[in-house]
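Shown next as structure tokens: one chain only, the form predicted on its own.
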């Protein structure tokens, strides 16, 4: 059947080659994670960080990833009918941003006069959209590879000129990133405003309790609990 007119997406989306590529990406990321964890443990021991502090840092990072991961999972489930399991696992489930990948596929489909999941969603359009998603993710990796050494040299020079600046800039950059993401969500609807206010209030209360009572595990779980409470409250407000 002609790929330009065939809407049998599954024969392409579930091809063995895509499954092999998806499993290969899984394997590479697992290997990278193992290497980074080992490197972090060795570096921590070299600068006097105890194994307990390192384990707490790893647990905090794992808990903090729950909320963003839930958002990606929901988007991935919604897109399974469009791209199939291998493509979703490889492009949205592991590498890249769900919003960016979806936008890339939408733009690619629009250039061919089609829409995602529409009547013009043929094998040919699927391949072009998936290729655009791969290029989008590859560009992120290439830019990171090129600019990370440059930024590292700039950071080293700045630390020699003003050591105090390097203790402020990373925290300020992280705070600015979260503020920018929050500011983008607020204008969408009043439900988004409630989600931000509730999760922020819960986070503040939990951190205050953890600091006052010196509860270490609560500091690690505060972000995950705040996200879960925010999701529950907004769900009941929206459907109440």
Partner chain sequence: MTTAPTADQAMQQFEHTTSRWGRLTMSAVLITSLAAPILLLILGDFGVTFNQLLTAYLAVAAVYLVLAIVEPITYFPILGQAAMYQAFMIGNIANKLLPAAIVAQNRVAVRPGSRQGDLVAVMAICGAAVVHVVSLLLFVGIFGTWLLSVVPEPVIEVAQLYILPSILGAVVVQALITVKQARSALFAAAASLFVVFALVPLVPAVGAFGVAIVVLLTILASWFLRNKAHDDRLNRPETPEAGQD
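What we label the rigid core is the largest C-alpha set whose atoms superpose within 1.5 Å from one form to the other. Residue numbers count along the first chain shown, from 1. Every value quoted in this text rests on a predicted model; they were computed, and no experiment measured them.
Form predicted together with the partner chain: not shown, discussed below.
Using a 4.5 angstroms threshold between heavy atoms, residue 115 stays clear of the partner chain in the predicted bound form.
At the 4.5 Å threshold, heavy atoms of residue 212 stay clear of the partner chain in the predicted bound form, well away from it. Residue 119 falls outside the set of residues with a heavy atom inside 4.5 Å of the partner chain in the predicted bound form. Although the partner is absent here, residue 7 is not a contact residue: none of its heavy atoms lies within 4.5 angstroms of the partner chain in the predicted bound form. The partner is not shown here, but in the predicted bound form the stretch 171 to 210 reaches within 4.5 angstroms of the partner chain through a heavy atom at 171, 172, 173, 174, 175, 176, 177, 178, 179, 180, 181, 182, 183, 184, 185, 186, 187, 189, 191, 192, 195, 196, 199, 200, 203, 204, 207.
In the core-superposed comparison between this form and the one not shown, residue 31 has its Cα shifted by less than 2 Å. Once both forms are fitted on their rigid core, the CA atom of residue 197 lies less than 2 Å apart between this form and the one not shown. Residue 49 is not among the residues whose C-alpha shifts by 2 Å or more between this form and the one not shown once the rigid core is aligned; its shift stays under 2 Å.
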